[in-house]
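For reference, the chain that follows is the form predicted on its own, supplied as structure tokens.
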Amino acid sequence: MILSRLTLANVRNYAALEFVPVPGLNVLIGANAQGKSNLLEAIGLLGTGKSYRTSRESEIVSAGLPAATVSGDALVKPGPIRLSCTIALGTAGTRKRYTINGAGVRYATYLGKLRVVTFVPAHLHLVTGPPALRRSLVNAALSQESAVYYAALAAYGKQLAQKNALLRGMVAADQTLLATYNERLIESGTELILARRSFVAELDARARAIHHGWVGDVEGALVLQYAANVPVEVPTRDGIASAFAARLQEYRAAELLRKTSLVGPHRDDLEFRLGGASLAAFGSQGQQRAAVLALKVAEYETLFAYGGEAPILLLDDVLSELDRGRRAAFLRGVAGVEQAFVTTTSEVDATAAATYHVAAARLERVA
């Protein structure tokens, strides 16, 4: 996948921008608050239809204006494609409109047409942060790759909300209705568990090899393990569904007592282990940082393998976490990807990259 043109209108501090990036590595250099991260956020928005920086997407619209639009041309395996995402503000709230080649489409149709893998400093908390962060990474990656997964995830979220409303007494208690919600959760949840098991196994194999290539055997093997809330002995569709049903029955009284759903993939986790020990509990900051970098590179490689074409790689302020030697080695490593965008506040030695200075929402190519 190659983004060949990006157009912004009223996006944060960009009143207007026409950007023609190159294949390979694009490095954006500039002081803080000049627009580097805003530009990467816009590329992410073009790809996923959502911001990776904020849940209040009204913040993306330039102050005092009614709407913001991100549009772009890309080269993907099926052929050239033009995408756009518009965020409009109104009295009824924020609304978004998606188009593919000029025709309006639903979000589910838009998602996945231009896949991106993003790494921002906040991802360094993936090891030590709450399970929701790690589930979010897996959900975002698989939703871009599979329309079936996204549909199952959306259905599961809706069914879970309905069940929790019943458990909290917001609707009349009805054991038949509760059983129906559980049946639906088993159906959609089984789809999620199947996909997550396979995806995390791929991540683990790739991240382990990447990490070993960086640090060798000194620290022991990096292991990523899918910690499923529903233990499964037979990892088939029927086996997972049966295990899910049995665990729901086991926790039925506890769910009624605590008035919330205690069983299902909404309580899954992803565990990091290094040399057999918990990385969150015993790893240094440097070890945790290396593990997250390996995870993100593994995510890129896994989506590449799944879809047969490389996603776009977005690396926002990653270099500040690395010393000069590691920074140069990292840039050499990503220079071979199909297309990547890297932001930094300092000059870098990246001879294979297209380099741009960013100041006051203006781009100037310098190399």
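From a predicted model like this one, the values you see are computed outputs, not experimental measurements. Heads up: residue numbers just count along the shown sequence, starting at 1.
Beyond the structure shown, there is the form predicted in complex with adenosine-5'-triphosphate (ATP), which is absent from this document and is the topic of what follows.
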### Message
Going by heavy atom distances of 4.5 angstroms or less, which of V334, A310, A67, I60 would be at the interface with adenosine-5'-triphosphate (ATP) in the model of the complex?
### Response
I60
#### Entry: adenosine-5'-triphosphate (ATP) contact in the model of the complex: H357, any heavy atom under 4.5 Å
no
### Query
Hey, in the model of the complex, is A33 touching adenosine-5'-triphosphate (ATP), heavy atoms inside 4.5 Å?
yes
### Message
With the partner left out here, check for me: in the model of the complex, does some heavy atom of R53 sit within 4.5 Å of adenosine-5'-triphosphate (ATP)?
### Response
yes
### Task
Sequence order please: the residues of 284-313 with a heavy atom within 4.5 Å of adenosine-5'-triphosphate (ATP) in the model of the complex.
none
